[in-house]
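A single chain comes next, written as structure tokens; it is the form predicted alone.
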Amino acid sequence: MIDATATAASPSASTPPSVLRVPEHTVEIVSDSGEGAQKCGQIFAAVSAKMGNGVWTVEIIPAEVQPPPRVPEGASGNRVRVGSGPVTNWGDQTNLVVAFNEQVLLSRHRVGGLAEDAILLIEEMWATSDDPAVVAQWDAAMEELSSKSYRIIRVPMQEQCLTLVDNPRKGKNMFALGVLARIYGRDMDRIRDQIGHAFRKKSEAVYTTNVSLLELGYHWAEQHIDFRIDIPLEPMDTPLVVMNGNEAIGMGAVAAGFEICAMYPITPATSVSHYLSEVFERFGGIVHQSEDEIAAAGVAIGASYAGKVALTITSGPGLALKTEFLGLAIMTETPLVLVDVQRGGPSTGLPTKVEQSDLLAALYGQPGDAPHVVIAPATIEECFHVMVTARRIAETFRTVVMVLSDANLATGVSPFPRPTLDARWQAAPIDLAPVAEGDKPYDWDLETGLSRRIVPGQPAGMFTLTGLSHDEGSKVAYSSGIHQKSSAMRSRKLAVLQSLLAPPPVHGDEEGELLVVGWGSTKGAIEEAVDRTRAEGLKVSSVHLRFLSPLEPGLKAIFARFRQVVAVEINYSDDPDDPFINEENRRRGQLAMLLRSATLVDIDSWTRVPGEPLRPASIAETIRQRVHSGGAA
């Protein structure tokens, strides 16, 4: 390791900086909460994508709203994986870190997230603090970091920023952005434009100061950093958009013709409403912030019953609170789209961390038999398009459609081809023609379970709406025959929907030794791990599910072509080797439980709940172990 007390090397005129040309590189910017590291990473990622690099970001968010400064648990920032081609996940380990203090840097070191030879650019002010306790912390951190072969470069961020601003805490992020711009050869004009967009609600003076800090960092790196990193650009022929998953869901809601979004703020779903609050009214939409999660569901259901195109958005705790209202929507066959941006649980769990543990709650979290549709987008691009699909299904089948996103998709940023808008994505006008004599509000087609939607105000369409068991005329009915029939009609719609679906494609060969099955945001990491192990000669493939209810057809036939099938996901399962765990009591991952029930295939599971996305290397290692051992690992 380079001496931790050394400052950055200064390239001389006769010795130009060394250039490392790589197909990809991962950078992190970490700070105390409120110092703007996330904004720095967001701008760096957006500009990289617009220049023609593949990008995937993951936000590093502390669990507390305002954690104390200079503690490892308070690390806040952004991790950006940049590649010369498409990037589908956050990768394995970070190659370069910009840290605003040594304590937040320790947090990244301790989780094993940094490459053995990572370059660490760290604010040097703490090494010479007037507080002996701070200096002691610095020395202890340097000693701990010396266990790896890191290259540590001390950067005078505070000293430099003080030449322009009185409060460097509000300026270091733009200085760091300038340093990164120089190291990675980012287009400064694009960065200035992106800063203008990021601070579009601020004054011209704020923009000017931030650009000055950016340029200060760029010139400092030009004089003091003796290396450059070149990631080849591969601009696409088609126009791209760059956004995170929550923005994509919001844009998808607009494109799909939703008219009202009712929600209560909850991490990590809230930023969907932030986006919609800026644009929705221009397209005739309304964002309604309810007093709580229960009311939000009620508002959305009431609006839908009245004929509007409605959705509600939440995360795990909010999903639990909406349970009774969701049962009402299913019983009354009122179209409703619910987006659940999953986070760690149970209870309030890990508010800012990713998990996929809401699957069974989404499928079965209502009392009684309450069949409905559950879809999970796998990419940020799919977060946009899933909203069109969800609306069309909800209204065609008069049912509840749940969209399961998660914190990885919600805050991650990635480019994708600009969608070509289609008027057919929008909801068709509701048929307000008079209801024919004898027609009933639940005049179920016995083959499909479908019935016509009648909205308030339709001539001759008045009926009493009830959440109680009811007959075709919506009259309360407790007889066994009527309840059996109405339950069958609500369920049959899912079978009809499944008949319209195609079997999921297999990534890799159609048969082999091991099949990895995943859902949601794990797609990129799973497929990268499969590709790595296939390159090693292993007979492994993967399947990724978007529909969880109903399941996509043909799964049993696909599974039969592989000797082993394992579900990989971000929720908990018992390790077979743990104390007291045996085949009878072992709790498997939620997708594995679902697939075992549906197919009667002996599907195993490999799951982790680290509060962060799965790494391709970890998945690849478990693939190797399972293939070589012929079983569980």
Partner chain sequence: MSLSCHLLHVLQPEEADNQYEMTSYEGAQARWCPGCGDHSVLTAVQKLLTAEQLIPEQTVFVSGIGCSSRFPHYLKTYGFHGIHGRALPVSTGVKLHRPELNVFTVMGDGDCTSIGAAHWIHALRYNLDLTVLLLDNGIYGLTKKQTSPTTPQGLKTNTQPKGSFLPALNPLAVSLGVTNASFVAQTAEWAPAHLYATLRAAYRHKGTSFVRILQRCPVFTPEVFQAAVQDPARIVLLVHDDGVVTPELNRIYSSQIHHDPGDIATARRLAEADDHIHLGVFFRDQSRPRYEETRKVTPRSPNERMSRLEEEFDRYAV
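Numbering follows the first chain given and starts at 1. None of the values given here were measured: they were computed from a predicted structure. What we label the rigid core is the largest C-alpha set whose atoms superpose within 1.5 Å from one form to the other.
There is also a form predicted together with the partner chain; it is not shown, and the following applies to it.
Exactly one of Val111, Ala140, Leu240, Leu360 has a non-hydrogen atom within 4.5 Å of the partner chain in the predicted complex; which residue is it?
-> Exactly one residue meets the criterion: Leu240.
Ok, Val165, Ala303, Val506, Leu494: which has a heavy atom sitting within 4.5 Å of the partner chain in the predicted complex?
-> Exactly one listed residue reaches within 4.5 Å, namely Ala303.
Which of 514-522, 392-400, 327-335, 223-231 lines the interface with the partner chain in the predicted complex (heavy atom within 4.5 Å) = This holds for exactly one stretch, 327-335.
Is the partner chain in the predicted complex near all of Val279, Arg282 and Leu465, within 4.5 Å of a heavy atom of each?
-> Affirmative, all three are within 4.5 Å.
Spell out, yes or no, whether the shortest heavy atom distance between Glu247 and the partner chain in the predicted complex is within 4.5 Å.
-> Yes, contact at 4.5 Å.
Is Pro235 a contact residue for the partner chain in the predicted complex, using a 4.5 Å heavy atom cut-off?
-> It does not: once the partner chain is placed as it appears in the predicted complex, Pro235 has no heavy atom within 4.5 Å of it.
With a 4.5 Å heavy atom cut-off, would you call Ile286 a contact of the partner chain in the predicted complex?
-> Flag for Ile286 set to yes.
Even though the partner chain is not shown here, does Arg418 get within 4.5 Å of it in the predicted complex, heavy atoms only?
-> Because a heavy atom of Arg418 falls inside 4.5 Å of the partner chain in the predicted complex, the answer is yes.
Since the partner is left out here, which residues of 442-465 would have a heavy atom within 4.5 Å of the partner chain in the predicted complex?
-> Contacting residues: Ile454, Val455, Pro456, Gly457, Gln458, Pro459, Gly461, Met462, Phe463, Thr464, Leu465.
Would you say Lys201 moves its Cα by 2 Å or more between the shown form and the other one, aligning on the core?
-> Yes: Lys201 shifts by at least 2 Å between the shown form and the other one.
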